[in-house]
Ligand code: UFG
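First, one chain by itself in structure tokens, the form predicted on its own.
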């Protein structure tokens, strides 16, 4: 199968590309590198011993996409491309609607023109908003507490409308929870620009000495220790979910919405302690004000993924932290050692 991986140089996409290549799929990576590094592609090539076709382009640019579909016979798309920081989306919502919504509209228009009607979409548990109960099932009501989450929700609805208009489309919406960790080799991992928006890169950068301390946003939530509880999932388990989805997509006769999580909730302080144990390093922290858009508790009911895809998360919180630390300690400044990313 020939698969276009949009945003393919990014964190989750690069790990997914490793597994796609190992399963024998041909991939074309498409990325504008606005929040990723082309070095990740070179390292995926090293891990898999395979050459990757990588094209620089923007999903909002129709001409960029047409060049790809003209040159390559694309069977399916795994759509990762987009902006992803909750806090930033609150500050600059129009940028998020432009990149995420406008980009996906343009992508789907070009796919339709080239009769490529198969897409796995990188959605998010943020579409559940602030759930009234946990674990979260796929049939729970959807809403969003921030612009980032709304872009994911709007794209999901748009894809469902596309299917209603033309049921030849094959669409899988993967709602995943909190990816952490890295490839076991320690050569690819999460490399955020500037101050990390997600917990574990901040924890890792603090442990390696790049940052003085970790900010914990609130300790007065209705949780066992007052800090936010999330479903942390190893990025390689998450990557396997994408491979399973793309390999089974043609067997589905409706839009499939699937949670990818472990079903376990861990607090921020749980993760800090686990990382300290795995790394042997102290992670100093300060409690600061809650962030806009954050919720108290969020973890998945992953049973539908096992039923439909035969998928389940296998790696422990210990492995998440050990692999994350291996990446961070081997690459204290990320892919480019502080140089400009490209």
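Because the structure is a prediction, the values reported are computed rather than measured. Residue numbers count along the first chain shown, from 1.
Note that the form predicted together with the ligand isn't included here; everything after this is about it.
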query: Interface residue in the model of the complex among 216, 74, 144, 110, criterion: non-hydrogen atom within 4.5 angstroms of the ligand; finding: 216
query: Heavy atom within 4.5 Å of the ligand in the model of the complex - residue from 97, 140, 202, 169; finding: 202
query: Contact segment among 80 to 88, 111 to 119, 243 to 251, 132 to 140, judged by heavy atoms lying within 4.5 Å of the ligand in the model of the complex; finding: 80 to 88
query: Contact test in the model of the complex: residue 236 vs the ligand, heavy atoms, 4.5 Å; finding: no
query: Residue contact check: residue 291 to the ligand in the model of the complex, 4.5 Å heavy atom; finding: yes
query: Residue contact check: residue 106 to the ligand in the model of the complex, 4.5 Å heavy atom; finding: no
query: Residue 187 within 4.5 Å of the ligand in the model of the complex, heavy atoms; finding: no
query: Residues of stretch 119 to 135 in contact with the ligand in the model of the complex (4.5 Å, non-hydrogen atom); finding: 124, 125, 126
